[in-house]
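In the block that follows, a single chain appears as structure tokens, in the form predicted alone.
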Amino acid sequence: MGARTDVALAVAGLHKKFTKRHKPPVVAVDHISVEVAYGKIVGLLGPNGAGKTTTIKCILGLMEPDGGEISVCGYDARRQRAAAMSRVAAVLEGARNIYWRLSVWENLEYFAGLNGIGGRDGALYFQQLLQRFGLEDKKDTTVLELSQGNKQKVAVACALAKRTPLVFLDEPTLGLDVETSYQLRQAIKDMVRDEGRTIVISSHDMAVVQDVCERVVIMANGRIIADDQVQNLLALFRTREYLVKLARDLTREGQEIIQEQFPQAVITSDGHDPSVRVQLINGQDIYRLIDVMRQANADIASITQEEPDLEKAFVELVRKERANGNG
């Protein structure tokens, strides 16, 4: 492959296996290849044991792969390790990556100093980070005294304070309340937009990945099973399934009329939230559905089309992978 200068991260043929005495080797990463362009936010997803953490640790030089090539911002991560690692930062275990007995500001100074960042320019940038993450009033507070949400924000801010082009964030919103999660997600998006950072997010929170990432890479059993734009993956699983909520139960005759025209319809008519769920073959069938509902004397409260989300797409892709005998 050679060092790639046109992308922030390039991985080719990466593989890693673990061996235990008297046991067959376990392949954690199975010859994967992936590239991440500058200025993008990419999600790295997968069920437990998929190989995500092993992949990240190999890229960060925390684990030696058995083979493959890794290029970080144009530097070979295995042969030019110091140069490559100076261009990447990571939060792998949330707030445990920071020093709890130091203040927020002291943590920023320390971690940025590891990359030679300090002085007046460094201080100005730290102040911007505090504002971006809503931590201005916590500047001189020791991390030990902060809420879990603020600890998490400090951990991410410290990774960003190193001003590396590439950043890995593992479960950045884990355990955060809705408001704090939103603030953190917005700060990450702003950072990419304003500074051209490249961020790889590994998370089990599909809503966060769908909101923040443009593209997702999905792993299972050490292999990449999907690598595409989020919207393309959603479109792949988009169906014409409609949910018709009713104001009152259908009569038996009404149910028979609907079932005759739409044999696969699922009718709920037990006095509690009566509804009809039906999958249509094409868009024009919605008009036929309304006509049939009128014939069935249905009192329609609302009609909504079920939209796919990233979680459903992820589950379906992993399910298919396992059904093919790969899990």
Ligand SMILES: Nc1ncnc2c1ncn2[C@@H]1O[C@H](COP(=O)(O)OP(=O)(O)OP(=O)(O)O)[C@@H](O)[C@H]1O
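So that the term is clear: the rigid core is the largest set of C-alpha atoms that superpose within 1.5 Å between two forms. All of these numbers come straight from a predicted model, not from anything done at the bench. Start at 1 with the first residue shown and count on from there.
The following text describes the form predicted in complex with the named molecule, which does not appear among the structures shown.
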| property | result |
| --- | --- |
| Exercise: residue 50 in contact with the named molecule in the predicted bound form, heavy atom 4.5 Å | yes |
| is_contact(residue 26, the named molecule) in the predicted bound form, heavy atom dist at most 4.5 Å | yes |
| Partner proximity in the predicted bound form: residue 249 to the named molecule, non-hydrogen atom cutoff 4.5 Å | no |
| Residue 204 within 4.5 Å of the named molecule in the predicted bound form, heavy atoms | yes |
| Stretch from 275 to 283, 297 to 305, 53 to 61, 257 to 265 whose residues place a heavy atom within 4.5 Å of the named molecule in the predicted bound form | 53 to 61 |
| The unique member of 109, 76, 171, 211 whose heavy atoms fall within 4.5 Å of the named molecule in the predicted bound form | 171 |
| Residue 63: Cα shift of 2 Å or greater between the shown form and the other one (core-aligned) | no |
| C-alpha of residue 37 moved at least 2 Å between the shown form and the other one on rigid core | no |
